[in-house]
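Both blocks below hold the same protein chain, though in two forms, and each is given as structure tokens: structure 1 and structure 2.
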Structure 1
Amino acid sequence: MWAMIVRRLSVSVVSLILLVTLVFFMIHATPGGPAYSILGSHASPQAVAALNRQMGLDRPLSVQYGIWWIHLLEGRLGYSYIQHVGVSHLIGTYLDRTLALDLGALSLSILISLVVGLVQGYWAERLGGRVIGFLQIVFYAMPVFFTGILLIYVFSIRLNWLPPGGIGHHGWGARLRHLALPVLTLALPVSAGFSRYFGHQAREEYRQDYVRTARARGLSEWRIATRHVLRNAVRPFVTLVGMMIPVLFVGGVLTESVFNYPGLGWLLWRSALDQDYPTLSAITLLIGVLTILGNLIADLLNSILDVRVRYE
């Protein structure tokens, strides 16, 4: 098992090195180099040279690469020349909004998929099960930016029930109202993925002998569902959460952009459009590191929980 953990850790370390290196070289491949993107494309050559010297951009690339690593490890992420604040400060403000959205969507989708999956498993051979299966395929293929706009159009513009975007600043009520549509948008594809898997699992459990025994003993269907089927079918959930982490992160970026919800994904999008390279590279690195860590934690948890993986 320790060998497995060491191997898995080394893969994550290589991922991180790759990510950091890719971002470094892409930033240096920007047209005219980073100085031009800070000063604008009409900057005088003297100003560019001065800034290059000041930022150490006239040194050899290998030296700059080393310095880049040292700065990252010290947590110095650079300065946003568009928003005029340190990038670490920006990230501090935006990260918890993204976490609120992602955790909200994750909890909602777990709730939805447990209910839908149980029903699907119970109805496996009937029309209801097939209808659920079809809806799962559609919602899984549905791009979050399409779902998001449809929800905005119906609930904000036509019905005027919920705000079309942004973030509430006055109290918890407003904040929750602003979160409702983005959370639902992000939760739909994730719950389609979850419930498809979980429904399959529940269906297998319903076929087991112990369910027939329980029915013969006269237990109610509700009790069978909650005490027996649910308990056995949720076991692979950790794997599933790990598998859905990329969907959640990527979907989160798009959802935040649709709803103008100022989280990390929105910041990534804005800094890409504004060509604010310090912010852009810092956010890319941050989301990248979070994804890699998320995958790592899910894999490790999975191997600890599942004996079959452990002895592979």
Structure 2
Amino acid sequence: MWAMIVRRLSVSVVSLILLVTLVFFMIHATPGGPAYSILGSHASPQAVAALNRQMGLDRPLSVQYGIWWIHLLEGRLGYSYIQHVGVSHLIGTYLDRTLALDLGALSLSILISLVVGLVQGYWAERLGGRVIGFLQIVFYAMPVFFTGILLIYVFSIRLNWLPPGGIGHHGWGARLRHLALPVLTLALPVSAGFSRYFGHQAREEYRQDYVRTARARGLSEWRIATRHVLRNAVRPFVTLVGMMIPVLFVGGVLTESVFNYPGLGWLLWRSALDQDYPTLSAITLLIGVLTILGNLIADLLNSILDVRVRYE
């Protein structure tokens, strides 16, 4: 098991190095260089040269690459010349909002997926299982912005239960109320995909001999589902959850736009429009690091859940 952990960590470190290197060269591949992107295409050569000296872009590429790594290890992600603030501070301002949205949506998606998947696996050959499968396809195919607008119309305009957007500034209760619709909007398509996959795994487990043996011993269906089927069907599902982290973030970009929710997705969209390349590269790095960490955690959890790995 320890050998497997070392292998996974080694792969993650190599992936991280490749990610940082790729982002570095992507920045320098912009037409005219980063300075032209910041100052605009009509900037004078003198202004571009001055900014290149200020940013250290007049040094050899190998030196810039080394400085790039040093700055990253020190937590210095550059300076946004568009918003006139350090990128680290800028991301820190929006990060907690995006984490609240994404973690809330992920937690709700997992909860819905496990419950719906177990029921779908149990009802595999019944009408109820087919209805669940149809609803999964519908929710998975619905665009995030359409789902968000539909929820705003129902819960904000018609029922007046929840606010249609913003973040709320008057305590945790107000923040949770403002967060409810964005979390539900992001969780619905994700849970549809999750539950469909987990439902297939659960259906296969229900067909195994150990389930028939458990029923012959008189165990209740609830205990069979939670103590046996759930544990065996959840291992491949854990890997899928780890791989969905970047998908959640991309979906969060549209969700934050629909609900005017100022998070990292909103910042990414604004940075793309403003050609704020330091901020864009920092957010890209953050998404990549979260993806690598998500896959690493999923692999480690799979190893813990898989008894065979412990005895390798």
Partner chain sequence: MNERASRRWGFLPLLRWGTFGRSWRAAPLVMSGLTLFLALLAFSWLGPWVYPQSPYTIHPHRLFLAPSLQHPLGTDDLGRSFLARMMYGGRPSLGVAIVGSILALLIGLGYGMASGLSPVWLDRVFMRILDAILALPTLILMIFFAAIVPLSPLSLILLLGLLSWPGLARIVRNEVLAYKERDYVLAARQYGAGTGYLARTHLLRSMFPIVIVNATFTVADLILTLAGLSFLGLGIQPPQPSWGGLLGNGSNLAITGSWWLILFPGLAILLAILSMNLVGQGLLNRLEGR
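In this text, rigid core is short for the largest set of C-alphas that superpose within 1.5 Å between two forms. Residue 1 is the first residue of structure 1, and the numbers go on in sequence order from there. Predicted model only: the values in this text are computed from it and were never measured.
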Open item on the list: Structure 1 or structure 2: which matches the form predicted alone?
Closed with: 2
- [ ] Consider the two rigid parts into which the chain divides between the two structures; say whether Phe155 and Ala282 are in the same one.
- [x] no
Open item on the list: Quick check on the domain motion between the two structures: what's the rotation angle of the smaller rigid part, to the nearest degree?
Closed with: 20
Task: Leu268: CA movement between the two structures [superposed on rigid core, Å] - done: 2.6
